[in-house]
Ligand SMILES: NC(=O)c1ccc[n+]([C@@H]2O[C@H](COP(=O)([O-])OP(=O)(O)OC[C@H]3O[C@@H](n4cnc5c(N)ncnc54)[C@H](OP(=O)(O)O)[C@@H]3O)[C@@H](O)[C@H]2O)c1
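Next up: a single chain in structure tokens, the form predicted on its own.
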Amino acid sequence: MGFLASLSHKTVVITGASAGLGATLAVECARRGARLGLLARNAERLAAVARECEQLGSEVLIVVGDVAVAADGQRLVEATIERFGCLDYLVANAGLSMWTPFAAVEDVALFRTLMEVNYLGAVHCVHPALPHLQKSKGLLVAISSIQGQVGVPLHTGYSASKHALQGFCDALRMEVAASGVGVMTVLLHWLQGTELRQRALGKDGKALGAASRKHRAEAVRLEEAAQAIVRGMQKRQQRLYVPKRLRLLALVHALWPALAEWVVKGKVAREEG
């Protein structure tokens, strides 16, 4: 009950909440009594997630918007404070991937798009939320990827954007520590059951859609990832690796980068096969 009580009467804001990990996290937090502020671009799917959370007893605010637009981040925070009066957890989850060799890219504008969603999308929400997180001594949760520490072939723009997000969070953590705000980065493996690959940008800067490949069995289930993240939120961890074995890859990369690159290239080759 202690863990369940930890989110009772707490306000959790989640971006990219209409599907995938964001939707699963919303349901997981609703089960624990959280009040939810949910943002995504797809109004219909966002409303469906909200209904599921409300059926679990959660009070839910939905905001239709795009994290790449700074005004939408501001609007999300303002609406949350107006509705609930506080903000305890900000989960910057919205993200976009790519899957193509750098040399094959036809329009480098896709790199700007990835930065706007994966890095600036977090900044656009954190900046207006920070005074409220300071008031509640709350927690920023940045949903990143192991690619925030280790580059991966065919993902140059995605890896770069997640490195930017990781650097931002590491620097911000030191700035806000004295105010009681925590910063947790979640370094994920590939996830099952998301549309991240279908929505990943190809060489023409458009979503791969049906041309995308499915993840192999070692990819993490959404429910498993969401449960681990909520546990990490309770513990206010600084870095959470999902699954835990990814910590070993990060260590190998720091000590023996050539070995880490050999491992990563092998895994990507199997995904391509």
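All figures in this text were calculated on a predicted structure; none of them were measured in a lab. Residues carry their position along the shown sequence, with the first being 1.
Not pictured, yet referred to below: the form predicted in complex with the named molecule.
- Screening 81-89, 130-138, 175-183, 188-196 for residues having heavy atoms within 4.5 Å of the named molecule in the predicted bound form returns a single hit, 188-196.
- For the chain shown alone, Val252 is not a contact residue for the named molecule in the predicted bound form, no non-hydrogen atom being within 4.5 angstroms.
- Taking the partner from elsewhere, Ala94 is found to have a heavy atom lying within 4.5 Å of the named molecule in the predicted bound form.
- Proximity of Ala17 to the named molecule in the predicted bound form: non-hydrogen atoms within 4.5 Å are present.
- At least one heavy atom of Tyr158 is located within 4.5 Å of the named molecule in the predicted bound form.
- Only one of Leu201, Cys169, Val117, Val150 comes within 4.5 Å of the named molecule in the predicted bound form through a heavy atom, and that residue is Val117.
- This chain is displayed alone, yet in the predicted bound form one of Met233, Ala225, Cys53, Ala40 has a heavy atom within 4.5 Å of the named molecule; that residue is Ala40.
- In the predicted bound form, the residues of 65-95 lying within 4.5 Å of the named molecule by at least one heavy atom are, in order, Gly65, Asp66, Val67, Ala68, Asn93, Ala94, Gly95.
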